[in-house]
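So this first bit is one chain, no partners, the form predicted alone, shown in structure tokens.
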């Protein structure tokens, strides 16, 4: 064809290859980060297991697991975490949906109110809370509400700690849910479901919540980690959840103190893994 027309064929240039990603640097960064986290943990674990006279010994962990108050404090913290997650999600999610659907101009106001606990020091917060409880008990003594304010301070399950933790975790829960709501067209989904005859509870539970599984999981992770590690509020109010028990039982014994830290880190990691597994199974279904 080129000989008949007298034209020489034009060679097409091969498409340029994209430069290879620096996988070596990526692997080096992951290696350094892994060493940064794992080497101190390994050294701490070896310190708790090594004994100058008998070699490797699990005595600190056996003593820790059989120590008085271990099961009760851990159970109390888990119950407080579950109650806090339920209360804060039941309060935050419907309120955020209502503001987005019916009063979008109030979103900046709600953001300021929900993030306000970040600027209040915990020691100031617990001082005001303890003062309110003390004065409230005195003022409500002649009224039927006295039994209620005494019940929320029950050491078996202090509801006052749940209310305090809801305030502390509210900024993190708000940020997680807000990020999830920004990724979806809430108004379109809600209007479509309502036009098909769905009730508001059905819209919330079967339309909105399934699209917020990742955000709900993030909020639950942050709440669980904060409740299990919170010390200031519980200690100053006189309660003994898991974080306060850790400080109480460790004392001045080096191996036991490090064993408590490793065990608490392992328990929190397993709980977060369990929550992630549950949310992952629901998402796949």
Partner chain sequence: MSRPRSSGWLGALPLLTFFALVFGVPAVVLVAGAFTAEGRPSTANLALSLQGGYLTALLGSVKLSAVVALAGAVLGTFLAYAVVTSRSRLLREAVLTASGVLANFGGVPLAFFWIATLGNSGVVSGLVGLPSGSLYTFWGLAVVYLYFSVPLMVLAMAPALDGLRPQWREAAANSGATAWHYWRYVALPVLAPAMLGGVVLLFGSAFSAYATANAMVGTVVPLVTLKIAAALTGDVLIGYENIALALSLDMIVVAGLVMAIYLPLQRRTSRWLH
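Basically, rigid core = biggest C-alpha set you can superpose within 1.5 Å across the two forms. Everything numeric here is computed off the predicted structure, so don't read it as measured data. Numbering follows the first chain given and starts at 1.
One more form of this protein should be noted, the form predicted together with its partner chain, which is absent from this view; the next part is about it.
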Does residue 240 reach its partner chain in the predicted complex if we count a contact as any heavy atom within 4.5 Å?
no
Do residue 121 and its partner chain share at least one heavy atom pair within 4.5 Å in the predicted complex?
yes
Is residue 132 near its partner chain? Define near as a heavy atom within 4.5 Å, in the predicted complex.
yes
Going by a heavy atom distance of 4.5 Å, is residue 218 a contact of its partner chain in the predicted complex?
no
Within 4.5 Å of its partner chain in the predicted complex, heavy atom basis, the matching stretch of 145-153, 107-115, 202-210, 75-83 is 107-115
Contacts with its partner chain in the predicted complex - residues in 166-180 whose heavy atoms fall within 4.5 Å
166, 167, 170
Quick check: residue 46 between this form and the one not shown - does its CA shift reach 2 Å or more after fitting the rigid core?
yes
Could you tell me whether the Cα atom of residue 34 shifts by at least 2 Å between this form and the one not shown after core superposition?
yes
Note whether the distance between the C-alpha atoms of residue 217 and residue 37 decreases (closer) or increases (farther) in the predicted complex, against the displayed form; the change is 3 Å or more.
farther
Residue 176 to residue 271, Cα distance in the predicted complex relative to here: closer or farther, by 3 Å or more?
closer
